[in-house]
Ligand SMILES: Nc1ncnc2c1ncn2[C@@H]1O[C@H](COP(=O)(O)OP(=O)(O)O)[C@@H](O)[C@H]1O
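First comes one chain, alone, set out as structure tokens in the form predicted alone.
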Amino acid sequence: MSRPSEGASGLIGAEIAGYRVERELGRGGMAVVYCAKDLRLGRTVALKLLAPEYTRNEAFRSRFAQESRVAAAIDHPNIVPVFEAGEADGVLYIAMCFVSGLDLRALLDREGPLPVPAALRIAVQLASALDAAHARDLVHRDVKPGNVLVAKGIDSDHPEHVYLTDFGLAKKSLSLTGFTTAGEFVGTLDYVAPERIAGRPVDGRSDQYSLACVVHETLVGAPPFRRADQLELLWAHQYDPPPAVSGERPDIPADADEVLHRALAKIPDDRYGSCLEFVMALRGAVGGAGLRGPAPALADLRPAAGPCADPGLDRAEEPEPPHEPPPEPPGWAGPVLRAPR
């Protein structure tokens, strides 16, 4: 690893495992993600560097290597490709595809609830990605809007392409449950399955619960459980019934509530057999809302102008410059428009 330059970020200009760090994209509790140049192939990548305390943990390093190989082997169009993972001069790193677009967190913060067709298109792609991971015995454990990247699709019938990221973080190496040995919770509480809170072993059905929380938020603008503090939120996930989506969205039939309630069941055995089974049931329940909706041609929309997405990190929402009238959504997200209130 070449010596980093002095500056606001000490790693800018550093060379790590054949990647030159160019700028910071975002940071979280376990890692920092940089935009970097692959000096061997000349391509831009998202380079995630794990915090030093994880590098010093031998058990973590072993599981990190194993699960990074599994993640890199998943060839799925809705999972951010992992190019390489390893250790260089005591630094654990993951090099991933650099995706241009917004994450779903930023999109929901900007637009609020999505139209049903757009929410279902996103859900189908996420479900497919998760089922592919589960088939390889890999549980994501942190499905949330910030780990969903939404890029421009190929045409007006497929207006957005969704990527699920953060598979290379090897969360299973921390414990069988959602907690580290120090008792720190790994994941985001708004989307956490009850069995993880209770400290029970988890499988793909825990990801299905989190996916259902995300789908709920795309439909009504907030996750199913909204509480004043974290303890109340943890209690709600374990014991409170989820609210009815149809009560907040008149264009969604009550049948959809039953589907979401099953995916949000407190007991994993009561949920659907797979994530795609859940989303297909939801598509059937919404009936006339359908999977597809009218989508303006991308060629007629204003080009996208925004930063690339930051894979696998929570980040503060960037301040939105004042506009009169309020800003329009980015051109590539044309069909993902504000839903009826």
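From 1 onward, residues are counted along the sequence shown. The term rigid core refers to the most C-alpha atoms you can superpose between the two forms while keeping them within 1.5 Å. Everything numeric in this text was worked out from a predicted model, so none of it was measured.
Just so you know, the form predicted together with this ligand exists too; it's not on screen, but the next bit is about it.
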Suppose contact means a heavy atom within 4.5 Å; in the predicted complex, does that hold for all of 217, 252 and 282 with this ligand? no
Among the candidates 115, 194, 146, 224, the residue which, in the predicted complex, approaches this ligand to within 4.5 Å (heavy atoms): 146
The one residue among 213, 119, 127, 96 placing a heavy atom within 4.5 Å of this ligand in the predicted complex is 96
Counting only non-hydrogen atoms, choose the one of 68 to 76, 99 to 107, 258 to 266, 127 to 135 that falls within 4.5 Å of this ligand in the predicted complex. 99 to 107
Distance check, residue 165 to this ligand in the predicted complex, heavy atom within 4.5 Å: yes
Residue 21 near this ligand in the predicted complex, any heavy atom under 4.5 Å? no
In the predicted complex, residue 27 touching this ligand (heavy atom, 4.5 Å): yes
Close approach of residue 275 to this ligand in the predicted complex, 4.5 Å, heavy atom: no
Exceeds or equals 2 Å, Cα of residue 282 between the shown form and the other one, core fit: no
Post core alignment: residue 64 C-alpha displaced by 2 Å or more between the shown form and the other one: yes
Flagged pair residue 150/residue 67: C-alpha distance shifts by 3 angstroms or more in the predicted complex. Which direction, closer or farther? closer
Just say closer or farther for the C-alpha distance from residue 60 to residue 147 in the predicted complex, relative to the shown form; it changes by 3 Å or more. closer
